[in-house]
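The chain below stands alone and is given in C-alpha cells; this is the form predicted alone.
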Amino acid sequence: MIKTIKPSKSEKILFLFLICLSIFAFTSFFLLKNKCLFVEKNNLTNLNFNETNNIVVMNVECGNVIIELYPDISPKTVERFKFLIEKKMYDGSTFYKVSENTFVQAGDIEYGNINNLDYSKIGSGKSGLGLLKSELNKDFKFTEGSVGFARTTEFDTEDSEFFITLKEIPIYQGEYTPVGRVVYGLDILTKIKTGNKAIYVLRPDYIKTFKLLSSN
C-alpha cells in the first residue's frame, strides 16, 4: 500500500508563491511586449473639425495621430507637406531619429523608407521636388506637439523631413519652419521606439499611412 505524503504548510506556501511569480512574470512580459496597451485610440468618426482640408491623419503602430496644418503661417511648406501626403510618399517612412520625450523625426523619402533603409545615407535623402526656403515665424512657439520641417545647419534647405516635439523646445522658435500641431494622439508618439542613445534607431517604427482627413 502506497502511503500518501501530505505537503507541509511551508511547501504549500512556496507552491503558491511560485504560481504567483509565474503569473506576474507572464503578465509583465505581455505588458512589455504590448506597448500600445494603454494608449487611447482616436476614432475618426467621433472627431469634428471646421476645416478638414488642413487636417491630416498619420497612422502608426499605436493608432492615429491627428495634425492640424497652418498654411497661413507657412504656405509653401504646408503645400509641400500635403503634396507628399497625397502622393503617399510618407507611407512607410521610418522614425529613424528619436530623442526620448523630446522629439521624433521622419520623412526621408529616399533613404528612410522601411523597405529601403540605408543607414549610411539616412537623413540626406531627397524628395525630388527641390529645396524649400525657410518660412520662419518668430511668434510660433514650439510647444509640446508642434510639427516643423527639418533642415541642415543652413536655412533654406528644407525638403521633406519633419519632426514633432514631445515637449516645449524654446530654442526652435524662429529657427525652424512650423507646419502645424498635433491635436489628438500625442501620447501615441511617446511610444515610438527610441535609439537607446544611438544616433539612429535600429529597426525603427514607421508611418503606416498618412492621409488628408478630407480624403477618408
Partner chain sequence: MKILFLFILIFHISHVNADEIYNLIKIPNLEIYKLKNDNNIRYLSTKGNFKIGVNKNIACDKVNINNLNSKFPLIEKNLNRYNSNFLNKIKLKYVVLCENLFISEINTGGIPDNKNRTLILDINFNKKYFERMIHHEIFHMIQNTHNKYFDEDKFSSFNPTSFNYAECSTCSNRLNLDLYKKTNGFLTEYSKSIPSEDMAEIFSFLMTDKKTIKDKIDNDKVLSNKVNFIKLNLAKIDKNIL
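Numbering follows the first chain given and starts at 1. Keep in mind that what you see is a predicted model, and the values were worked out from it rather than measured.
Missing here is the form predicted in complex with its partner chain; even so, the following discussion is about that form.
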Touches its partner chain in the predicted complex: residue 50 (any heavy atom, 4.5 Å) = no
inquiry  = Although the partner isn't part of this model, could you tell me whether residue 172 comes within 4.5 Å of its partner chain in the predicted complex, counting any heavy atom of the residue?
reply    = yes
request  = Verify the contact flag for residue 153: yes if a non-hydrogen atom of it lies within 4.5 Å of a non-hydrogen atom of its partner chain in the predicted complex, no if not.
outcome  = yes
ask   = If you check in the predicted complex, is residue 99 within 4.5 Å of its partner chain, heavy atoms only?
value = yes
task = Name the stretch: of 107-115, 123-131, 91-99, 77-85, exactly one has residues whose heavy atoms fall within 4.5 Å of its partner chain in the predicted complex.
result = 91-99
ask   = So in the predicted complex, are 183, 193 and 210 all sitting within 4.5 Å of its partner chain, heavy atoms only?
value = no
